[in-house]
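Given next, in structure tokens, is a single chain: the form predicted on its own.
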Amino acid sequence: MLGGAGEEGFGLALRWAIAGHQVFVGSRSTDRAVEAAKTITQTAGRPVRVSGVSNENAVAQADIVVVTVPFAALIETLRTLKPKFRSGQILVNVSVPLETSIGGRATRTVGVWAGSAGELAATVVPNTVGVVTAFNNVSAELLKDPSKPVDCDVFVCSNDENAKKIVLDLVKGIAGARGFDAGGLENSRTIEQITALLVSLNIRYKVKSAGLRVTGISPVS
């Protein structure tokens, strides 16, 4: 989990640790990562498999690497860690190019030359790594409270069908969440725009947990 000491990364790490997955919480500061891992164990209320490590060690040890760093740090983070990636790994990009990355508003996204943050991530890591966009629209506020189900659907898109299936299975480890196959990686462009809309709704309605539910079709089983 790159950026695992941040709110979104912490919430995802917590949920997956509770679900029984082994989680490596990564951070530029190992001390912050260790502290986050301790807090996850305390919040879970029972023994879980979670370790606080450097970002480099997180990539070296994990089969699925989830990046939740702010968009402004996305390229630098992935370029620095590129030598640590292994063939067959999966990278899940959760970062969204909100205007806050350039001092703007969180209710808008900035243009990305690659089309989206997900597609941009795919240009940085080795082409033997399966890149997936997912969890961009899930509230960190809900993720951090394991006593509540995450009342939100998760759109998962990738050009790597096997990677997509594996990440859809990860969604099942988050109580209340449902995963939907959202097609190829280019659909990251739409998914990331939805995040800005949800931020706008949070502000308008003075909440912190706006999410989406799909009707009329069943989620991936």
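Nothing here was measured: the structure is a model prediction, and the numbers come from that model. Numbering starts at 1 and follows the sequence shown.
Quick note: we don't show the form predicted together with a small molecule, though the next part is all about it.
Among residues of the shown chain, residue 70 is one whose heavy atoms approach the small molecule to within 4.5 Å in the model of the complex.
Put simply, residue 136 is close to the small molecule in the model of the complex: some heavy atom of it is within 4.5 Å. By the criterion of a heavy atom within 4.5 Å, residue 165 is excluded from the residues contacting the small molecule in the model of the complex.
The small molecule in the model of the complex is not approached by residue 49, whose heavy atoms all lie more than 4.5 angstroms from it.
Across the proposed site, 108, 154 and 188 without exception lack any heavy atom within 4.5 Å of the small molecule in the model of the complex. Of the stretches 172-180, 154-162, 57-65, 25-33, only 25-33 has residues with a heavy atom within 4.5 Å of the small molecule in the model of the complex.
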